[in-house]
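Read the single chain below, which is given as structure tokens and is the form predicted on its own.
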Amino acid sequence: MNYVIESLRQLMGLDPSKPGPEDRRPEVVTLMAEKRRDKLTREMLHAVEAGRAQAADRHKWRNRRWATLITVNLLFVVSYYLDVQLLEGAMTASRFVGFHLADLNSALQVMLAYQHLVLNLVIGTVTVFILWLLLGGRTFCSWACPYHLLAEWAEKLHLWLAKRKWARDIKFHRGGRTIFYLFFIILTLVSGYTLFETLSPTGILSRALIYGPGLALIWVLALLAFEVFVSRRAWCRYVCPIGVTYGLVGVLSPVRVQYRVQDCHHEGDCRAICLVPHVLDVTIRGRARAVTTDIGADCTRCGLCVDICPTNSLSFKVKGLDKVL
């Protein structure tokens, strides 16, 4: 229950809760006492990080994710140009070998706008709901959304520029995403139009890949420029309602990233590389309540923290299947 409540808090934009001394389990108190006694030197920490940087599987999850994301989006393109009924449509609504699929946020917008349920839309919505419920909710963001990949590449440019003080990183309140979410729901209900779909870079990019570029790409380029020069990953962090929708689905998902405090050096590499670093607050020294903690549903399961962790303190888990896999 704590996982659900904490996930919902973070999805709504609240800060992760901090445990008091009475909230920590005895085994965690013992572990932290041992860490204070056997302090890690800076040289030892750098040696561990250097070893991880040279590891053969340093980018294992990132490479798998990029390959999956590119393959999914190319399937739309190939199906359209070769006129084969493999994956027809676009990211917002499609058919996979004839079976209807509907992006959950798009389906919500359509239902609110027209206040009418179409059977194919219901079938597609339920199918996609079950799919992402099993795969991890916001996994959609990092493993399927075409804008995520572009923004991830643009983020590297942002970090390079920011390091030289040629770009800023203005941070906004994460609660703004909840306000945008409610705003688009109310706007859709009142207007009867799915206006967010007009602005969504996910839909714009998906359609541009399949049917060719249009003027709407100027909006996507403007978003990327804002993220490069003004605010790191601003759309995904502070605006996108799609992330909220899939995050809510992911609250009950069995696919999670799990943190183990035992070997963690608390150096913060995972938080520095994360799109949503608040979900990793538990890795800060003194924040863990238990020896193992599941990372909240606002996590996109991108795997960057798992890849960079020098002590394997973060890993993917499927709840209930830990002993089988």
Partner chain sequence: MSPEQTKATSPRPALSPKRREQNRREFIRTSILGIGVLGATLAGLLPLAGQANARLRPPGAIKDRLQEQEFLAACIKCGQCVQVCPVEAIRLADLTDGVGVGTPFIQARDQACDFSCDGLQCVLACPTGALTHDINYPSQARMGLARLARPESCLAVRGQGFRGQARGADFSGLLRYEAVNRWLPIPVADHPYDLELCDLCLRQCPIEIRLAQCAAGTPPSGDANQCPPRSAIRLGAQAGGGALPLVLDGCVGCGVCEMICPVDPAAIVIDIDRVADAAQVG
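Every value quoted in this text rests on a predicted model; they were computed, and no experiment measured them. Numbering follows the first chain given and starts at 1.
One more form of this protein exists, namely the form predicted together with its partner chain; it is left out here, but the text below deals with it.
Undergrad: Is Ala107 near its partner chain? Define near as a heavy atom within 4.5 Å, in the model of the complex.
TA: Yes, Ala107 lies within 4.5 Å of its partner chain in the model of the complex.
Undergrad: Looking in the model of the complex, any heavy atom of Ala93 within 4.5 Å of its partner chain?
TA: Yes, Ala93 is a contact residue.
Undergrad: Can you tell me whether Arg289 touches its partner chain? I mean in the model of the complex, with a 4.5 angstroms heavy atom cut-off.
TA: Although its partner chain is absent here, Arg289 would touch it in the model of the complex, with heavy atoms inside 4.5 Å.
Undergrad: In the model of the complex, does Lys156 come within 4.5 Å of its partner chain, counting heavy atoms only?
TA: The answer is no: Lys156 has no heavy atom within 4.5 Å of its partner chain.
Undergrad: Of the options Leu187, Val72, Leu135, Leu150, which one has a non-hydrogen atom that comes within 4.5 Å of its partner chain in the model of the complex?
TA: Exactly one listed residue reaches within 4.5 Å, namely Leu187.
Undergrad: Can you pick the one in Leu121, Leu248, Leu131, Val255 that has a heavy atom within 4.5 Å of its partner chain in the model of the complex?
TA: Contact with its partner chain in the model of the complex is made by Leu121 alone.
Undergrad: Based on heavy atom distances of at most 4.5 Å to its partner chain in the model of the complex, which listed stretch, 295-303, 52-60, 268-276, 22-30, is the contact stretch?
TA: Residues of 22-30 come within 4.5 Å of the partner.
Undergrad: Select from 205-219 the residues with a non-hydrogen atom within 4.5 Å of its partner chain in the model of the complex and write them out in sequence order.
TA: Arg207, Ile210, Tyr211, Gly214, Leu215, Ala216, Trp219, in sequence order.
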